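Here you get one chain, nothing else, as structure tokens; it is the form predicted alone.
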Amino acid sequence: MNGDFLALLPKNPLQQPGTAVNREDLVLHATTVFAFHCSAGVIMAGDHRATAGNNIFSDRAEKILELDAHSMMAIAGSPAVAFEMARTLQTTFEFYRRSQLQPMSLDAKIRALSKLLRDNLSATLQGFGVVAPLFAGLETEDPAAKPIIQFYDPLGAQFEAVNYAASGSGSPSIRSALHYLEKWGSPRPREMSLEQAVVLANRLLMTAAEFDAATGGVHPDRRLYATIKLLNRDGIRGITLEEHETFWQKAES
């Protein structure tokens, strides 16, 4: 046994038959997720909206998924395909840990997600199964390692983000804001405390929602905030509603 759970699955489990469609049909809709470095680790955030065409399908979608104790992904694109990819990765990482008596390396985790995206090529070309996720992880075997952010295109190409990454229909606004803050901000996002980073993440989604109808906004008056999770050497933890409210009230006062 070599610890490769994917080798036990049917070939191309996410592949669907069909023919290619116009490239215009591959534009992502209905989700906005992003990640950036701060002094406490990596912040990964997303809105709660899922749409079907021009209709709002849900405002309670969870798009930040924990894969194991030190890796998580943010989904952009087709939720059905993305959720199945996340479940496959969760099982793959746990299978490897149990069979090899050690955790999978960070490089192997990054490539595992890339392989699932390549296996999904047929659905991607047809336009109904497009997924362009973000990934954040930490090499636990290296005591000096820091969390990293990876972003992917729908065909499985992977790139490490130096400071931040974003995906989904509202991502252009967020990337622009993060670029400005990293270049001229004081403090820069990577220097921010957890409290400052959480407030920034909520404000970024509010900004994206102003220009993108498919992005669900943040409404503190209704106690609606972004889904935000922090990754560092201690593991992954979500930002609670109480923390959101406390951080927001202090920033706005």
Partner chain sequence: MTEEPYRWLEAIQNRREYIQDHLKGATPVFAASRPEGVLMLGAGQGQSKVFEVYDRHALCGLGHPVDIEKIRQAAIEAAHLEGFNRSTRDVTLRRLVGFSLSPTLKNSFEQIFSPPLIVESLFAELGETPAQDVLVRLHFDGNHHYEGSGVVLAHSDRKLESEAHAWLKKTLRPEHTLRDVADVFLTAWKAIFDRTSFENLAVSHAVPALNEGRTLEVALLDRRARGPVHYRKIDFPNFPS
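Predicted model, so just to flag it, every value in this text is computed and none were measured. Residue numbers count along the first chain shown, from 1.
The next section is about a form of this same protein that is not shown, the form predicted in complex with its partner chain.
Peer 1: I need to confirm a contact call. Of T140, S114, N163, T91, which residue comes within 4.5 Å of its partner chain in the model of the complex, counting heavy atoms only?
Peer 2: Exactly one residue meets the criterion: T91.
Peer 1: Within 4.5 Å of its partner chain in the model of the complex, counting heavy atoms only, one of 98-106, 178-186, 132-140, 165-173 shows up; tell me which.
Peer 2: Only one stretch passes the 4.5 Å heavy-atom test: 98-106.
Peer 1: Is there a non-hydrogen atom of R237 within 4.5 angstroms of a non-hydrogen atom of its partner chain in the model of the complex?
Peer 2: Result yes; R237 sits at the interface with its partner chain in the model of the complex.
Peer 1: Please run the contact check for K146 against its partner chain in the model of the complex: heavy atoms, 4.5 angstroms, yes or no?
Peer 2: Contact with its partner chain, no.
Peer 1: Give a yes/no on whether D119 approaches its partner chain to within 4.5 Å in the model of the complex, heavy atoms considered.
Peer 2: No, no contact at 4.5 Å.
Peer 1: Are there residues in 53-90 with a heavy atom within 4.5 Å of its partner chain in the model of the complex, and which are they, in order?
Peer 2: In sequence order, E84, R87, T88 come within 4.5 Å of the partner.
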